[in-house]
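Encoded as structure tokens, the following chain is the form predicted on its own, with no partner shown.
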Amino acid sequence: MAIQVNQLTKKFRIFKREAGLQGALRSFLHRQYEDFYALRDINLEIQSGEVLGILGENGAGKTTLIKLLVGLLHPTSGRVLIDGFTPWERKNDFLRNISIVMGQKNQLWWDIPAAESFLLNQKIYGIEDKQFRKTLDELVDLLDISSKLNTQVRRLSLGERMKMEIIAALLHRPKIVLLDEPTIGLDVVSQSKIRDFVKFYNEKRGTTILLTSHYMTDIQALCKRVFVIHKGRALYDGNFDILVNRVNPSKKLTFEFPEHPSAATIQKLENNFALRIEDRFLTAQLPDAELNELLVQLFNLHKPKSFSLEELPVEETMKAFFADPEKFV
């Protein structure tokens, strides 16, 4: 077991102050506080080599969970064991086996080339020269970024900087990697390259990876299992495809008739199914059972000139889920 989380709770005490001068004066004389629970009673187990997606709206508690797992925050209560270590004790053996990449924060020095920061990481983690060179060459080759190694970090594009951030995080070959929004702000091509690299690296090294992302394409491509947090509480832990089908079990059918169907055919189909027919094209968005029944009727009526079945976009499905997540679990 790579990660065990039991009854993890994190509470913040927030100072409240009314606006204006009078509000400031009242707050000075009589301070008011409010307790805010970023996480409450979280339980989670992650196997070695697993890629887990952590989902939730902004403010759900995803980044707080990540920071607790790497020991940047202390919990209010609960227990976390990562590879046998308690994160907030920050023991050297623990730090050597874990790494984090945060898409909205840089760990590389801004004014020097990434190659210089890599040498600094080598010294921090005590990596032998031979292993350092072998790992660096491998990562640079996989991410196709060798031509930019000696360029100032500030002069790199966002996609190039993220590749360098990933290299810096993996130089010491950690067993567990936490990726917090690693593709945020990147173009479609850069996102795809990062996803391909993460998938390949996990398969090759057997590294345990936790991924948070608002891009459902990232989750769909990399994670069989997802852990959903809503308002600080665990809402769902299981297969991502099952969750998607639970939220929206429909598929889209496009069926082209060889010729314009008769009025009687159109009326019969419209009476039995929710669909639309324009000219020779029929379109419908239905659950599997209804879709199969419709296809049987269509093939009995006409041999199609063409037809297609499409899964509905995952992004749209998950947008519907986060609009009212408790409805679906």
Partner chain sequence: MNMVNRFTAKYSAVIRMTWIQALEYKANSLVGTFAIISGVFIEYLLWKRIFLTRGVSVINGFTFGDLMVYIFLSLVVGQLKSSWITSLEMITAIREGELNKYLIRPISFFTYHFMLFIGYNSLFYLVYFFMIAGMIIFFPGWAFPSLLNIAGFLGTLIISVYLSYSVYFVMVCFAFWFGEVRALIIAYNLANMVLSGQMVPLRFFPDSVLKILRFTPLPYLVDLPVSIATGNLPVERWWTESLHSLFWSVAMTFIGLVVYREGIQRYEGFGG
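Numbering follows the first chain given and starts at 1. Please read these numbers as outputs of a predicted model, since none were measured by experiment.
The same protein also exists as the form predicted in complex with the partner chain; that form is not shown, yet it is the one meant from here on.
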- Query: Heavy atoms within 4.5 Å of the partner chain in the predicted bound form: which stretch among 244-252, 219-227, 192-200, 95-103?
  - Reply: 95-103
- According to a 4.5 angstroms non-hydrogen atom cut-off, is residue 40 in contact with the partner chain in the predicted bound form? no
- Item | Heavy atom of residue 119 within 4.5 Å of the partner chain in the predicted bound form | yes
- residue 111: heavy atom within 4.5 Å of the partner chain in the predicted bound form? yes
- Query: Quick one: does residue 188 come within 4.5 Å of the partner chain in the predicted bound form, counting heavy atoms only?
  - Reply: no
- Which pick from 149, 156, 72, 142 sits with a heavy atom within 4.5 Å of the partner chain in the predicted bound form? 72
- Task: Please pick, from 134, 79, 123, 204, the one residue with any non-hydrogen atom lying within 4.5 angstroms of the partner chain in the predicted bound form.
- Result: 123
